[in-house]
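One chain comes next, on its own, written as structure tokens: the form predicted on its own.
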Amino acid sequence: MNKLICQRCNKEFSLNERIWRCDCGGLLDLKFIPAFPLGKIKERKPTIWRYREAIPIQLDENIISFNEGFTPLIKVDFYGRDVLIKQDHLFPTGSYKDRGASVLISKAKELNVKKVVEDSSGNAGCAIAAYSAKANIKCDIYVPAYASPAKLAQVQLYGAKLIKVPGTREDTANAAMVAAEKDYYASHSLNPFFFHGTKTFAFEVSEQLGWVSPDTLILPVGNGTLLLGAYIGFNELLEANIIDKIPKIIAVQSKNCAPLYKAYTKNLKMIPKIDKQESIAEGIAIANPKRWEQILQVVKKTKGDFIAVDESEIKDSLKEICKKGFYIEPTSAATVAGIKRYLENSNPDEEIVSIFTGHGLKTTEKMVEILREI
């Protein structure tokens, strides 16, 4: 049976209810039985919706899509080692968040939602705004006052209402949650339907490798929307007997904001309060990720690890990868720095997959600042 289940009290809800958390305040997970008709999938258009039977939307008429997905998986040389990179910076709004937005806004349409709210440091807000525009759903996006101007312009030009919130990223999330008391919360970190869009990353990687699993994934983590989605996707493929293992997951954080890294490496029972510092990797600078416990469990279960990279490593990695012809945003460069660090002690025969999460054009002002330092 397909259903929503509360992590805290185990209460169950129908997928047709307009909820994003339980009455008790607990987070919801989506329990869904997917199907993978490989013959049909092979014949369909190269989008995330080729995996139609594995995505929890009931009617095709509710699908909101820009034909996103099936981004290239290419070999990139890192000091003589090939790493497979998923080019999700090539999505319609410039980031992998389109995966989650397509599924979540499709579900909002299916629920006959007229208005959504979301909080974001940039990329998720852009994605939710774009797909809401196509669905003709009103959209309010709450952003930190310090967010990148290029991303804020993108949100506004899609027609969404932009609400700038002074203070921290957490202050922005709190403001959005107040608004969500009356409007549907299209949250990329709390609404479980978003993760059933980002899980298509796993489906695509597996298919592009010939329906097998790589040995290792190296992924950025802030709120965990990609990491948790990837785990859900590979786990569904495993349970369907399509692959025979789930990849080891290596999670990358910025040292200036690394609560998950600290909790994991120090074996803490709770997420620690940290002295958050500004980071050019703003997309993963989350001091209090709501699904922290799930993220830690997934990394541990896959026998993975956390890597924290500093600002100089991120900047150096950005400069180096741009010189290879890839124009990615600094948050993506943090992942590149994590790749370089991981390769120092990796197995030479290990098949590694990573990702470019966002396009450099989305953070032009930061790119110009970095260019001045060269």
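The first residue of the sequence shown is number 1, and the count goes up from there. Because the structure is predicted, anything quoted here is derived from the model rather than measured.
Keep in mind that the form predicted together with a small molecule is missing from the display, and what follows is about it.
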Look at the candidate spot formed by Pro56, Ser106 and Thr200 and say whether the small molecule comes within 4.5 Å of a heavy atom in all three of them in the predicted bound form. no
Counting only non-hydrogen atoms and a 4.5 angstroms cut-off, does Gly358 reach the small molecule in the predicted bound form? yes
Given that the partner is absent here, does Gly224 sit within 4.5 Å of the small molecule in the predicted bound form, heavy atoms only? yes
Heavy atom of Ile284 within 4.5 Å of the small molecule in the predicted bound form: yes
Please check if Asn123 has a heavy atom lying within 4.5 Å of any heavy atom of the small molecule in the predicted bound form. yes
Answer with one of Pro247, Pro220, Pro192, Gly233: the residue that has a non-hydrogen atom within 4.5 Å of the small molecule in the predicted bound form. Pro220
Stretch in contact, per heavy atom within 4.5 angstroms of the small molecule in the predicted bound form, of 297-305, 225-233, 133-141, 79-87: 225-233
